[in-house]
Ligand code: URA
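Take a look at this single chain in structure tokens; it is the form predicted on its own.
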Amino acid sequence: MATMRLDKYLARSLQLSRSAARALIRSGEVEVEGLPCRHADAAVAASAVIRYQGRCLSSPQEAPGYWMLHKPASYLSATRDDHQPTVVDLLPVHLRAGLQVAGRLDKDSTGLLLLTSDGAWSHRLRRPGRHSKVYLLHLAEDVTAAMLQAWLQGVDLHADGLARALAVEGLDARCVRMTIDEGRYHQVRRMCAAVGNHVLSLHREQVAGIRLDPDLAPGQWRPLSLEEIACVDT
């Protein structure tokens, strides 16, 4: 690492979001080489002495990893389990340290799964209402116009209240593409059950501006591009 923006340095050192790091910098309590610095975009070297409230911060560790995985069925969206295979098991051992799943899929679901060692990025990605998610659904019963309308207007998930689709497209009699911007427990499956239908298969195609790479077979993975990583902050 040659140089890094001060807000990024602080975010990594203190495990903060970038916005929280910028707020600390504006407070005037961050010093670079003994002098207060209020400029979030100031370039600092890895060897620089950075202090916050008088405490010397350690240099950020190796840059975090960001991965796209084509999740196959029968894998848990977890980092470890004593009895069942997890999605992290699909990655090489040297990439697994510190990974977390940024937006889970249930065991039987497939498609786009994002994994990262950047906790702040994961938090921003999972924030309700901030980023949309697109799913391809195959259903047990024919989809009616009334079902499409109900999903758009909102269906009752009982204790979780109303849940609405941002968009829904009927592709054939029993296949739909649904877009939501929340991530409640089994939300899509419950929305289908609420209108008297049942999900046979659920495949996630997109999260925010990140689409599942069509070249990835189930179980395969690749690092995210810089453009894909930046989608979470737009």
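It should be emphasised that the depicted structure is a prediction, and the values quoted were computed from it without experimental measurement. The first residue of the shown sequence is 1; numbering continues from there.
Keep in mind that the form predicted in complex with the ligand is missing from the display, and what follows is about it.
Residues S132, A208 and R211 are none of them found to lie within 4.5 Å of the ligand in the predicted bound form, as judged by heavy atom distances.
Put simply, H186 is close to the ligand in the predicted bound form: some heavy atom of it is within 4.5 Å. At a distance threshold of 4.5 angstroms between non-hydrogen atoms, D142 is out of contact with the ligand in the predicted bound form. Taking non-hydrogen atoms only, L105 approaches the ligand to within 4.5 angstroms in the predicted bound form. Interface residue remark: S122 is not counted as part of the site for the ligand in the predicted bound form, having no heavy atom within 4.5 Å. For the options I50, V176, L202, A165, the residue carrying a heavy atom within 4.5 angstroms of the ligand in the predicted bound form is L202.
The stretch in contact with the ligand in the predicted bound form, judged by heavy atoms within 4.5 Å, is 105 to 113, chosen from 122 to 130, 105 to 113, 154 to 162, 88 to 96.
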